[in-house]
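What follows is one chain in structure tokens, specifically the form predicted alone.
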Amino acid sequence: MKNWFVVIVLFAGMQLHAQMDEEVLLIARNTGEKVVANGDTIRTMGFAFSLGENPDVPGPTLEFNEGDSVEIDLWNVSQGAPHTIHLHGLDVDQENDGVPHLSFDVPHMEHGYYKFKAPHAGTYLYHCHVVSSIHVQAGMYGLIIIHPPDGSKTTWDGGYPYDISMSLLMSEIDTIWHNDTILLHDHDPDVEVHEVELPVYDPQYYLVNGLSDGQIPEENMALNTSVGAVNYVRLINLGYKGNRVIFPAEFDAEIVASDGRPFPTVENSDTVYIYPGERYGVLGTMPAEGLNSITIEYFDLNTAELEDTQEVPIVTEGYVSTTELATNYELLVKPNPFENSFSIEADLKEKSEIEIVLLDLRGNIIDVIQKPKKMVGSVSIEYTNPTLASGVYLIQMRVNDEVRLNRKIIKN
């Protein structure tokens, strides 16, 4: 009796101390809405943190530190099909991997719990694995980022430090696949293999973080950096097309990681090919201020034909310290952010023909603030534009018809 009592006490103790570092509630819904680039609203399925939140595409990004004990509570409030959370790329046991019939699925109005210890720092995915071709296209996917154990801005424990990070998750949308006849497909819980007749996949929208075309600059989605800052760009493909990501040559891109693991040898290349389900980590710096872009090409996996191109702006601020420009020309914009007006103060050490323009993140001229004029010394210019839409813009100084300085400014 004495030994048996000891065993019971020890077991109870283990249960009492099995606490979670991170607990996340994800709600699966089939009543989401998404506005695509032409302004139309389509129906989606997706994940959200609360019932009052529209399940966006992609779903919320989940971030943990390596070594965290994590519990994801999946609450399925969708009518019809069950859902799962497949932890794509994470080293977890089969029971918590979210593949139906090998793990478990979660029926309507029930909860399912996925428990794991966050593995190696890196970039991963989660998505529903029930009729996955439909549910992923519908929007049931998102990004998982595992940071080093101390949560530092480092690629992994003992890896490369960085100053700024950005994730680019590529996918596509075929609006035909978002009709009720497909999203509300019949589901028989007693049938292991479900057959749904699908049209040929022919996407009209090619997404970066759920945005495409004019939505990207409108949502101010840009790599906002500064001269010499180390940038870590996470590249992820969860579409059905291949991606070719092209960085500016001056970014000096270094591919350091793939699928949540470091490369044994750093590869220098301004072009990265990413196939469905893959993830890459790229480091780089911008040597001078200005406006550049990351080009993303989407190509057919069977024919290799180019189908679409998206541009993600790179906005680099900071004086060019390696030249005399930093001492000859200075520019201050205030207030920043601004409401309807701001002032520009320039200090010109030598007489030059100065032009100052207002640009959007695509590099289009919105307005000419100062027409070309010979100027020297301290200059103050007031600018008012109450009709300017809220967003991020650039103030650009051109000296003797050459771009010299850019300043990012935000309209509230």
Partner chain sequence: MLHKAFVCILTLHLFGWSHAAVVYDTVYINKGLITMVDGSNHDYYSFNATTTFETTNKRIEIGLGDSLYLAIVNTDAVVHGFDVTNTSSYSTNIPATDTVEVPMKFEDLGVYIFYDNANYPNFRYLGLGGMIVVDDFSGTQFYWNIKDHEGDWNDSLDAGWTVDWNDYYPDYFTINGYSNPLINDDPDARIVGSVGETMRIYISNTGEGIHSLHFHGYHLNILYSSKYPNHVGRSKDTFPIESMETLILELVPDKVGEYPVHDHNLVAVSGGNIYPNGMFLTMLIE
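Positions refer to the first chain, counted from 1. Bear in mind the structure is a predicted one, so any value in this text is a computation, not a measurement.
The protein also exists as the form predicted in complex with the partner chain; that form is not presented, and the subsequent description refers to it.
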At 4.5 Å by heavy atoms, is each residue in Ser133, Arg261 and Glu267 next to the partner chain in the predicted complex? yes
89-97, 213-221, 290-298, 110-118: which one contacts the partner chain in the predicted complex at 4.5 Å, heavy atom to heavy atom? 89-97
Among the candidates Val77, Leu332, Ile164, Leu102, the residue which, in the predicted complex, approaches the partner chain to within 4.5 Å (heavy atoms): Leu102
Though the partner chain is not shown, can you say which of Gly228, Pro199, Pro337, Pro149 has a heavy atom within 4.5 Å of it in the predicted complex? Pro199
If you check in the predicted complex, is Gly284 within 4.5 Å of the partner chain, heavy atoms only? no
If we define contact as a non-hydrogen atom of the residue within 4.5 angstroms of the partner, is Glu305 a contact of the partner chain in the predicted complex? yes
Is Glu71 part of the interface with the partner chain in the predicted complex - any heavy atom within 4.5 Å? no
Tyr240 within 4.5 Å of the partner chain in the predicted complex, heavy atoms: yes
